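In the block that follows, a single chain appears as structure tokens, in the form predicted alone.
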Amino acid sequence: MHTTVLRSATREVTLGHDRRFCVIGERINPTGRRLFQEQLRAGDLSAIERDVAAQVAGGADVLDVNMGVPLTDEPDLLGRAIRLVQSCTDLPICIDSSVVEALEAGLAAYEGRALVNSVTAEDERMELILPLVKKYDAAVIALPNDADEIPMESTKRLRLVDKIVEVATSEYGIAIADIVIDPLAMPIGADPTVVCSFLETVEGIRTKHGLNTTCGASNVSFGMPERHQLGAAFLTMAMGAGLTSAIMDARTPAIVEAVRAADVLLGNDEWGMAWIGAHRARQAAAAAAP
């Protein structure tokens, strides 16, 4: 089983099958946030500081940073956002963009060892992104879809995982431990079989390659009521199958506490010490409150 090491200038976070689940905070993302987009276009990055503080307080281990705002210079904006985030926290960063120039700008600005989000099994995307991953000694999230489709069957996804691993390691010299697979979480409201396919893919990745895995956790509950409950149930099931991290809302206690409880039950929080420590910290804070 492989471990994936991420670093900021002063802190190290390790993803692994015998480690506590890695919560990657998703909030620094303008998608669906009209006011935030307007602020970013105006050069106002102050909301990022509030988002960082909320996610750190919620228990995030890594922060995903996405600056995909139309009508902006995304490479410049992403570089500035990463420098701002690093001035606010020492958590490692997941640099998130579909624009290759923005990814390189973000990697150049980052102090540490980043996680790149993301590459697919498309030959053209791997040719553009994997050299950057190697150049900046980063880790990378890889999605098992290609130019033809987003496969719904786990067998097809696993074949594309094989392709990504082969190309990344043999053609670009990327360490296998630095490949984090996103098994493609899809909305359960659109197809009742998607979670079963996801879990089969996670299990297959762990069994064959021993790789770390992640996903956009909120995708599963999209369009459904009581999304937090669905998200908490999904992540604990996925952890049992071998999921080691997720890009998720670190500001939602119900979901974060569910994965921390699963850490205890899966034996990844030795003697439940982190769980007990968090409980005592909440008790102390409540006692100190007026």
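From a predicted model like this one, the values you see are computed outputs, not experimental measurements. From 1 onward, residues are counted along the sequence shown.
The protein also exists as the form predicted together with another copy of the chain; that form is not presented, and the subsequent description refers to it.
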(message) Can you tell me which of 77-85, 168-176, 184-192, 155-163 lies within 4.5 Å of another copy of the chain in the model of the complex, counting heavy atoms only?
(response) 184-192
(request) Name the single residue among 35, 57, 42, 265 that comes within 4.5 Å of another copy of the chain in the model of the complex, judging by heavy atoms. (result) 265
(message) Is residue 62 part of the interface with another copy of the chain in the model of the complex - any heavy atom within 4.5 Å?
(response) no
(message) residue 196 versus another copy of the chain, in the model of the complex: is there a non-hydrogen atom within 4.5 Å?
(response) yes
(message) Please determine whether residue 220 contacts another copy of the chain in the model of the complex, using a 4.5 Å cut-off between heavy atoms.
(response) yes
(request) Look up in the model of the complex whether residue 29 has a non-hydrogen atom within 4.5 angstroms of another copy of the chain, and give yes or no. (result) no
(request) Could you run down 261-280 and flag each residue that has a heavy atom within 4.5 Å of another copy of the chain in the model of the complex? (result) 261, 262, 264, 265, 266, 267, 270, 271, 272, 275, 276, 279
